[in-house]
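The data below hold one chain only, encoded as structure tokens and taken in the form predicted on its own.
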Amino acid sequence: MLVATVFVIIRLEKLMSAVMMMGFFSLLSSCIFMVLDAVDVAFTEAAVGAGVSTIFFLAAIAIVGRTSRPVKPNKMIVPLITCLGTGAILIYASFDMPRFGINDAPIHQHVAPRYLNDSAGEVGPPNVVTSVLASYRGYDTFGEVGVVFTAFIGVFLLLGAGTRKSGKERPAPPNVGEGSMRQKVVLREVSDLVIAPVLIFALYVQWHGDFGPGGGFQAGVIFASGIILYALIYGIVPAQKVMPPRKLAYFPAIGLLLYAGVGVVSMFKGGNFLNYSVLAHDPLHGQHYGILIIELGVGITVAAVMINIFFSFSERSL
């Protein structure tokens, strides 16, 4: 179904239909992750791929138009060769991989048993995925947050620089609210019912990531989805009054600094960077405190980046 969906996306000329099919592709991917028991990854794929990314693509369509331009055959040769070459290299590299599901694969002999057997005594959280991402792979996750922040800077410079001219918000056109989905009774009433639960659920995912699927990445995207839904229904201007873009632009950096600050405090207390065990007298308590704080930093950065990017696209399309 994934392969068939890809061919449909390639053949579609209407960008709106292509975006809908891309959301369906992400939803299928999240279902595959669920079947493979990768619940945290499925959570993220559904929220980002099928959710917020679809909104970003639709916002981009509002800028570039709904129909793709015809591509000359001679301009398709280089991309086609590149894709075929990359695919051939990946297929060749897969020959050295162990068979799918084989019991004596290296990952089942060393890596997975190490985390499953020792994470409870070394880190503490029942959710081993949280222990791996936030503690064992703390440097890696810190780099991922840095990548998200860097992406925000790039989008902000390309699309959002005009919103801060002379230190003032750019006024929206006077008729921006006339075509708002607020006039649609069904959409408005349903959104009024789900926006608050979505935001509350985001907080639940944020603080419950130690014990079940979730964490800062998922919580940040879900929280941003609630704010974006509010903006879609009631208009970009009311949403920016709730979260002013000039103030919101600082929060991606605040979240990243909060993450890095935990590592710096760990060093001041005699440990290594991002070694949470030294944050409390009990190493497990220190791990718990450190994971909670860095997950909060991740959630703040991800939510702020998503909302800022949506505001930048929306203002560009006004």
Partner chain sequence: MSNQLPAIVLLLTLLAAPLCSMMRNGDHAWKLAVSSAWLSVVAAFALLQQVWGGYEISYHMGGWPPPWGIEVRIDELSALVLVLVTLFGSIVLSALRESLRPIMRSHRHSLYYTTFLLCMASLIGITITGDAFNVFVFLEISSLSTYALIARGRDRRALTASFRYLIMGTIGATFILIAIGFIYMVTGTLNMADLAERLPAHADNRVVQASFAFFTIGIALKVAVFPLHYWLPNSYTYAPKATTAFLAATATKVSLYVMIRFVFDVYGIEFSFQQMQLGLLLVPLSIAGFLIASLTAVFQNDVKRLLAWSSVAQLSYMVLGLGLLNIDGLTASITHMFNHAMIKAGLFLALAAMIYRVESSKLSDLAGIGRTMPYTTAAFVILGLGLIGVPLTAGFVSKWYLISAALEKDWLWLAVLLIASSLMAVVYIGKIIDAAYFKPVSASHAQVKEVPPIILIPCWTFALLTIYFGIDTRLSAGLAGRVAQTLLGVGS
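C-alpha atoms forming the largest set that superposes within 1.5 Å between two forms make up the rigid core. Numbering follows the first chain given and starts at 1. Everything numeric here is computed off the predicted structure, so don't read it as measured data.
Keep in mind the form predicted in complex with its partner chain is missing from the figure; the text below concerns it.
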{"property": "Option touching its partner chain, based on a heavy atom within 4.5 Å in the model of the complex, out of Trp207, Tyr234, Phe201, Phe142", "result": "Phe142"}
{"property": "Candidate stretches 222-230, 193-201, 84-92, 235-243 - the one whose heavy atoms come within 4.5 Å of its partner chain in the model of the complex", "result": "84-92"}
{"property": "Ala280, heavy atom within 4.5 angstroms of its partner chain in the model of the complex", "result": "no"}
{"property": "Contact flag, Tyr289 vs its partner chain in the model of the complex, heavy atom cut 4.5 Å", "result": "no"}
{"property": "Non-hydrogen atom contact Ala260 with its partner chain in the model of the complex at 4.5 angstroms", "result": "yes"}
{"property": "Sequence-ordered list of residues in 122-155 near its partner chain in the model of the complex, where near means a heavy atom within 4.5 Å", "result": "Glu122, Val123, Ser135, Tyr136, Arg137, Tyr139, Asp140, Phe142, Gly143, Glu144, Gly146, Val147, Phe149, Thr150, Ala151, Ile153, Gly154"}
{"property": "Threshold 2 Å Cα movement between this form and the one not shown at Asn117, rigid core reference", "result": "no"}
{"property": "C-alpha of Gly143 moved at least 2 Å between this form and the one not shown on rigid core", "result": "no"}
{"property": "C-alpha of Gly87 moved at least 2 Å between this form and the one not shown on rigid core", "result": "yes"}
